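What follows is one chain in structure tokens, specifically the form predicted alone.
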């Protein structure tokens, strides 16, 4: 039997069972062997009744005290007995197993294993299995696999099929080199595959899991390394360092942070070093990534080439163009804008200026990606808010030049371990320092009874000339969901605040032109309070906004809350974030207290990842599938780092070989990155 064979080849798997396996996307022998247990039932020694603990799978040994009782509770038929040992008694119950009434004998000793529950304040043993001494002690210390199932497929059926497959498969190919396995102290693949399904003990399980987790990380990292070698060859644009850039930095009205200097040094080394830059700059909100991007653009233009700066929203594009002009126009650098809402004439003229080289830099949205947009000499592509653009979109922009340098920026706080997974084909720079003039945001976590006080505080801030954000999770009012509606909320505020306070709202269902007008009014200071959904998470920079209140804050992930909070604290004035929970829960308040206690986006993201798990974070990717079967990028961060380092040891052709051996990896990468072939 081979990996590629249909599961129908496995003894005991008929047509009906095959259809049920298909529901779990198990079609081949290999699919089945990679359908790993989700948990294990581990048999421990018998405990005394007095030592039994609620919620635990427990084996008890004792004598039945009294006759079994059989009674009905609606459709349920319940058998109840009392089991006794030298330390005490416990009630044992079975549901819908009336045949046991004649089998269980008063005064007879039994070994029973089941879950300890509680009923009427007393512990009970629920639905246990009965064992002879020989049967039970053969199982003690063994770990029995528990598999993900679907309707009509029992755990016993899967376990039996896996056992048959392991015994019958002719060859399990070892694809990791022996020296790598030795360095990382990894089991052989065949042994690991057997032991992940049927480990004798925890030691065997941990060794098997380590090998298979390493495989998942290594194959993914190796594929990204190969993609990187293929996609980013020797640079066509080798830049020279320019004195003008030093003059530009000296003339800035502030000093660069050490983090900014370090990150720009890495960018400059790429652009002058003869390879094509492909770098992701991760920096917390307000860390000064834009200035570093402007320095890279300045270097590009000084070397006689063009740069493109793509951002996710039109208002942000307009803001960036204005700030770039303020910094660069005195050096004779010409900056253009290309966004969807421009007139046909404006677009046509802009495209002509790009194609002729009249514009040195263009700032724009997805409009830059249109097929008829051409550049005279595009050497640098910058994308802001990297996760908002798919890999294919980034590559489409790159195709407008002759393998230009790529700089992606993200204020979305992602732990380094996760960034290595999501953006493994890119070099990573971390900007982990805020400018000295930035005041930390003051945070508070409150219930809805604090709302009147919050409104009074907002009124005080508006009287000082400041502006306010209020974030709601929903657009439309729905009776069955107790969430604030943006449109209704805005109307309610108008009846609470004086008429001279301007209130507007923003949500994702509005037309682009409407959204742009609303945001532009807020940028210009014409709106005092902006009620918005999370559409505001990325998009505008308003230094005058000093208060952010988030309704139903418990509904959001910590990383997203931090992003929302980042809309304030962008000016010189003290800013505030009010996290208001709609439903009080201990867990919800603990989560929000993490945010209230820290303004460090990377630490918050680490905590968020720990609380929510990798599944939610992989929603950042275009494919909603979970990337790994066993690996967890938080729990297995050490193995991820080791796999990343090992993948870099191998040449392109070797990496291609590893990659081709894992069909599932190919499918997952293709769903994320497009058509990947090595």
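Residue numbers count along the first chain shown, from 1. Values in this document were obtained by computation on a predicted structure and should not be read as measured data.
One more form of this protein, predicted in complex with a small molecule, exists but is not displayed; see below.
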- prompt: So which of 267-275, 342-350, 357-365, 287-295 is the stretch with heavy atoms within 4.5 Å of the small molecule in the predicted complex?
  reply: 287-295
- prompt: Within a 4.5 Å heavy atom cut-off, is residue 257 in contact with the small molecule in the predicted complex?
  reply: yes
task: Indicate whether the small molecule has at least one heavy atom within 4.5 Å of a heavy atom of residue 588 in the predicted complex.
output: no
message: Taking any heavy atom pair closer than or equal to 4.5 Å as contact, tell me whether residue 88 reaches the small molecule in the predicted complex.
response: no
task: Flag residue 541 as yes or no: does it have a non-hydrogen atom within 4.5 angstroms of any non-hydrogen atom of the small molecule in the predicted complex?
output: yes
message: Under a 4.5 angstroms heavy atom criterion, identify the one residue in 141, 447, 177, 435 near the small molecule in the predicted complex.
response: 435
field: Sole residue of 507, 113, 570, 209 within 4.5 Å of the small molecule in the predicted complex, by heavy atom
entry: 570
